[in-house]
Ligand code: 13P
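Here's a solo chain for you in structure tokens, the form predicted alone.
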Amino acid sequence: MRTKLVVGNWKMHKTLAEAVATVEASLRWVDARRDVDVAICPPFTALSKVRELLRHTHIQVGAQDVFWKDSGAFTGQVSPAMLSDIGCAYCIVGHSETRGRFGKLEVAESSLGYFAESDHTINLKIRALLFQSINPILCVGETEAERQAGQTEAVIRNQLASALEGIDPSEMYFFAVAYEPVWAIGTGNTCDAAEANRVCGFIRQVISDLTDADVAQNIRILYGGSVKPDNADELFRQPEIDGGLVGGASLDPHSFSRIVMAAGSNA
């Protein structure tokens, strides 16, 4: 049976002092749920300190993104070797926001070219993370327009096929894939639990087609997109949903703790 995984993605939030306070406030309750795997993905500036605070717990640290080279003249980038040195166990790749696909647009539309992630760069990042033994959390999902056009399955299949191209199936057992419908990210809208389960099951089938059935049965598929304490229990009861990639609710220690508890009660 797959162990539930709950990942808090803090995005561009929290100073160092705020990060410390948030971890300390939730540590007792979250660490008590040893039947749930938990990871926190703070901003790069807080990674080292958060890792230090969590060193003697079962809670892991993850990064929100990575560059695919271990070193070089790449101003502003952070390498897989640097993440490994800090002690990161996970790294999010292909998030819709790094792809320039926003559920709630908070920047000028003319600036979207800044977010230049592509299927090719996602594949490069996955390869680089695996080389450093860091577990990728691959994000896939459709926009509202794509869903309305009946393209959900085609979009997700293409995202998976491109991201996993050339990856040896034997390296994928510790992968996680997060289904994040773009229209639900930061909007307060949540995909119906039964529909989220259906799409997560579809993702598992595509992974089976691309790799093999054993990998597909072992890989954890998370749901992300306005996961909150009041919907977490219903989501985590679904047989194809193995946990959550939690955005806004992970910023509040009480809310995040309740989501982890919900995962534990459905483990």
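Worth saying up front: this structure is predicted, and the values here are computed from it rather than measured. Don't overthink the numbering: it's just position in the shown sequence, from 1.
What comes next is about the form predicted together with the ligand, which is not displayed.
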query	finding
Proximity to the ligand in the predicted bound form (heavy atom, within 4.5 Å), stretch among 224 to 232, 196 to 204, 28 to 36, 48 to 56	224 to 232
The ligand contact at residue 246 in the predicted bound form, heavy atom, 4.5 Å	yes
Close approach of residue 134 to the ligand in the predicted bound form, 4.5 Å, heavy atom	no
Contact label in the predicted bound form: residue 125 to the ligand, heavy atom within 4.5 Å	no
The ligand contact in the predicted bound form: residue 11, any heavy atom under 4.5 Å	yes
Heavy atom within 4.5 Å of the ligand in the predicted bound form - the one residue of 172, 160, 82, 185 that qualifies	185
